[in-house]
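Let's start with one chain on its own, the form predicted on its own, as structure tokens.
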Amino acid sequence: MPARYHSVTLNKELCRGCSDCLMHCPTQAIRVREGRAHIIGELCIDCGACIRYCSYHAKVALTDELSAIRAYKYRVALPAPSFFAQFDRRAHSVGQILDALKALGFDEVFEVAQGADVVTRALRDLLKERDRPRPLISSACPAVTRLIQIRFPSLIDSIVPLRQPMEVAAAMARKQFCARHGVSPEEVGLFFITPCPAKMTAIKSPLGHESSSANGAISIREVYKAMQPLLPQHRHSQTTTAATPLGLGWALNGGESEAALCVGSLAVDGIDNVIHVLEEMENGRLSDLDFLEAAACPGGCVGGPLVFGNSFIARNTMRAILRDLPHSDPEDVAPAWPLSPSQLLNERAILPNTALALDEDVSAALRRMQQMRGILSRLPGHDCGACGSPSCAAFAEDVARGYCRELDCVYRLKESLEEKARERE
């Protein structure tokens, strides 16, 4: 596959060559060679798991700086629903947060939860189509979609062919802003306030369409800090959210399923849990479900690696926000198709990631597979990571690909030295 952009990257100066990230990467995209970690771009899904587990903060997520908005004549902020959960609900209203965000230098704020309301309506319609495979898998989390491309390609056809709420919100915001102010689309910069690196990657290297409707993404953490001195100035804000509680609820694990009114659904969060459930689905054990909502981050987007607050507190805050809002439904506030079908539906197929293929030539791939099996039979099976690969199976593949030597395994090296010592006796 062609090289693509990655938000998750490595600061080599901080890396100590430990195996924490190595052992927690869900796609085995990390190796430790010559005392430093290396990320295999073809396998990385930008889930941010390595950022969570790196004790030395050597894994970082590259996002746009706040100053990037100055490149555009007009600027629109696209706050994720999880953004509102970062603030003390007793001290800051949603309106106060929206006004302070605008005061950072944005001409307008368009909530991504409004995009979630529109996607909710489209998702409800898709779930009524009984000829689609069951269960359908949410397309909201780009890290999960990329995980399926790599590890579960047989499930690709089950992914909902709808764009992420971020993309829908960006397309709506640009269309409305240009119509209202009589400006050209190129003059408007739309920036997503993101809880995770996967969304930044999805903007630079889109899934299911050629280009993103957003121009960039700024981390929630950076925007949160910049807003602190501005919040007191908007203490008496009368601004209200334009989204429904169901749209805002997409920030929480299970929120999408609730919004879709899908009784036969399962919501799973945390990348390791997602993998286990997808394995069950691949084995045909979830055929009684209609919908699978999967989020790479614990608790959903409120638990993203780029949020500011504690994810458990954020979950509680979001639930309180939703309780305080008057009841409304996407059917009441969101037009069914405010955009063209191409702006709501994927315009190109999501394909398997063939990075794991041993060789394009079938015969060569089979020979390499046999070589791997031979190497693996000689390895101890401890999956210790001391060799710099995440498992003995991954190490056998790395040796077969020529990335390292079999004696890079400390156990094989010890055996080799012992054999040579016996020969000299």
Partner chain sequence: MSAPAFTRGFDIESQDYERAGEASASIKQALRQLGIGADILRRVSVVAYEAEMNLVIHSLGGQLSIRVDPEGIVLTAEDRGPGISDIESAMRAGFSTADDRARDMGFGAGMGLPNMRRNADEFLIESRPGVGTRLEARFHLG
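The term rigid core refers to the maximal set of C-alpha atoms that superpose within 1.5 Å between the two forms. What you are looking at is a predicted structure, and each value in this text was computed from that prediction instead of being measured. Positions refer to the first chain, counted from 1.
Omitted from view is the form predicted together with its partner chain, to which the following refers.
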* For the chain shown here without its partner, which stretch in 275-283, 109-117, 219-227, 132-140 has non-hydrogen atoms within 4.5 angstroms of its partner chain in the predicted complex? -> 275-283
* Asked: Heavy atoms within 4.5 Å of its partner chain in the predicted complex: does R70 have any?
  -> no
* To do: Determine whether any heavy atom of F87 comes within 4.5 Å of a heavy atom of its partner chain in the predicted complex, and answer yes or no.
  => no
* Asked: Should G254 be classed as touching its partner chain in the predicted complex when contacts are defined as heavy atoms within 4.5 Å?
  -> no
* Should E397 be classed as touching its partner chain in the predicted complex when contacts are defined as heavy atoms within 4.5 Å? -> yes
* To do: Indicate whether the candidate residues F192, N310 and N316 are all in contact with its partner chain in the predicted complex, with contact defined as any heavy atom within 4.5 Å.
  => no
* Which one, C54, I39, M372, A61, lies within 4.5 Å of its partner chain in the predicted complex by heavy atoms? -> M372
* Asked: Between the options S184, S154, T240, S211, which residue brings a heavy atom to within 4.5 Å of its partner chain in the predicted complex?
  -> S154
* Asked: Along 361-390, which positions have a non-hydrogen atom within 4.5 Å of its partner chain in the predicted complex?
  -> V362, S363, A365, L366, R367, M369, Q370, M372, R373
* When the two forms are laid on each other by their rigid core, does S55 show a Cα shift of 2 Å or more between this form and the one not shown? -> no
* Do you see a C-alpha shift of 2 Å or more at D361 between this form and the one not shown, with the core held fixed? -> yes
